[in-house]
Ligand SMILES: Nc1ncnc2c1ncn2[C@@H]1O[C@H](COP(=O)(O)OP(=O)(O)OP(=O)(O)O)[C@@H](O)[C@H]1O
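Take a look at this single chain, the form predicted on its own, given in structure tokens.
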């Protein structure tokens, strides 16, 4: 088992806003975390990466990664895993990319830190990675504002390809994208999974989760209210909130492609 989360709670000013969440992600698996905005999905992702900012804090529970207990433990233990072992794609690719640095330079710097490449070799590899995600290699000289939202997300996927983390946390990676760009991003994530990368796929889009995830947990009101094999969970939801989601979003709860 790659990631194990047991009874994880997140507190804010003396009250718990995420309560006793437990799930696991196996190596090479896509695990979906489904729920509406404000359900606690992104807070969980931040907690796993050591990115919670005070007064938010982990108030209880355990996080284990590749057999190592990261929480309880020092903040540095979580931070050391971020990037090379656990890579997070944030909901806004534009916010995640430095607007004052070319896309190629940003990819190259990540490669240099992870693999100790020379600046020239890292920039050459950056162009190759952009081509692997369906972009032109000469976009290494472009700035993020010159790329569409879908292209920016693909640039982040290119960084993930280069870093080869054990776990990719993708937080709402298709938000704001049109149907074609959404499908392209989902297909690229599937390629990463097929190459052995585990993915925690966080989304409010039930069709995207259905397309990508083998198992899914449903978040509602800061709690994990249902968990199971994705297609079975969507075909026969047990919790009222999951039934509400599937009724509203899917003509067939076992739909295979995002609309």
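Positions refer to the first chain, counted from 1. None of these values were measured; they are calculated from a predicted model.
The same protein has a further form, the form predicted together with the ligand, not shown here; the description that follows concerns it.
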| note | None of 191, 49, 56, 66 but one has a heavy atom within 4.5 Å of the ligand in the predicted complex; the exception is 56
| note | For the ligand in the predicted complex, the stretch among 193 to 201, 38 to 46, 206 to 214, 226 to 234 with residues bearing a heavy atom within 4.5 Å is 38 to 46
| query | Is residue 152 one of the residues lying within 4.5 Å of the ligand in the predicted complex, judged by heavy atom distances? | reply | no
| request: May I ask you to check whether residue 182 falls inside a 4.5 Å heavy atom distance of the ligand in the predicted complex? | output: no
| Any chance residue 17 has a heavy atom within 4.5 Å of the ligand in the predicted complex? | yes
| request: Find out whether any non-hydrogen atom of residue 91 is located within 4.5 angstroms of the ligand in the predicted complex, and reply yes or no. | output: yes
| field | Sequence-ordered residues of 162 to 179 touching the ligand in the predicted complex, heavy atom within 4.5 Å | value | 172
